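What follows is a single chain, given as structure tokens, in the form predicted alone.
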Amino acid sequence: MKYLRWDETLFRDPDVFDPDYLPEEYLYRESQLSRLKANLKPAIRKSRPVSTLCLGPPATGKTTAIKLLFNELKEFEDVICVYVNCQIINSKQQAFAKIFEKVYGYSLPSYGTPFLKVYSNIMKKVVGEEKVLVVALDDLNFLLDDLVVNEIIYALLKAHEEVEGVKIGVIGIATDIKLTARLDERTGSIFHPDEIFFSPYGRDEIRDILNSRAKLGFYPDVLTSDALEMITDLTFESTDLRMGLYLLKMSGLEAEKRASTKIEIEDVDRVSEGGKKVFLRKLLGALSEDERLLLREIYSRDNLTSGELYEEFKEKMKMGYTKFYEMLNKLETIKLIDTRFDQKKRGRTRTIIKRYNSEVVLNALKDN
């Protein structure tokens, strides 16, 4: 049969294609999981866990690894695991309100509660119940104010000096591999994390991961091998596994529109351009106003080097060298641009390479 009846579907479980779905089969991250487990193991013995920093490009499994381990730790009543999304929570007060909610089981009042009272109540309850607190700070690099980064980490790691007996482990998750350079001397003196790198997935790894999800999300023999290969290529090109999950789901819906029992290349082709635009909007939403201005400058020009861009941009924004290169590196990390060192030019200047069509990006910047 080539066509679906009106009451049939290709999807066994559409939730499998959601980015926050936690897979039972977690491929190609065995070594990272092993080190994370070793660092967290002291917590189940009521000892302080090893602080950890999970580093690597977007969509390389960092958040998934932490959430999987936090799920496993639920069976240990003496460990309290708190996940803090720093894209949403961007102040010390908000971060500790989230921790308070997890420790006490209810939220703080909507009106202002002094930070010191929140902080003290958290620590006293953790100690009083003889528990270990593990706090994961996801997307730390989105806390653009370095003061906030330092304040949160310092407050957590120095808690044992304020309330005797407190045991806390900190897990940082970031795309910026130079994150520790943002720490001030005070915080850097006490935060010595085990740095675990999550490298980008290779093409074959991407194919295996997408195929594993497809087997869970679709009924047998729904996804053709040609369609899987095309989705794999597009995902590898974007360097973002979430792109592949999106394309799997949307291609399935497209095939259902045709009442087809198979997902073919034509279905992938129809949704691929829309997929690129969706992910571009998500990337732009993660930028500060200054970063958006820098991106607009890049996509408004051709054949730029980083040195030329800095000379022009610093005059407009009155910005220092360090801040400029932090912003440029972020644009490269989240795959809005590429850079390449030019051997013919003196110094360490880089040629800037656009990853998207200029008109598409400039229009998206207007709309976003």
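None of these values were measured; they are calculated from a predicted model. We number the residues from 1 along the sequence you see.
A second form of this protein, the form predicted together with a small molecule, is not displayed here; the remarks below concern that form.
The candidate stretches are 41 to 49, 322 to 330, 62 to 70, 300 to 308, and the one lying within 4.5 Å of the small molecule in the predicted complex by heavy atoms is 62 to 70. Contact with the small molecule in the predicted complex, defined as a heavy atom within 4.5 Å, holds for exactly one of 100, 201, 246, 218, namely 201. Using a 4.5 angstroms limit between non-hydrogen atoms, residue 25 touches the small molecule in the predicted complex.
Interface residue remark: residue 35 is not counted as part of the site for the small molecule in the predicted complex, having no heavy atom within 4.5 Å.
None of the heavy atoms of residue 207 is located within 4.5 Å of the small molecule in the predicted complex. In the predicted complex, the small molecule stays beyond 4.5 Å of every heavy atom belonging to residue 359.
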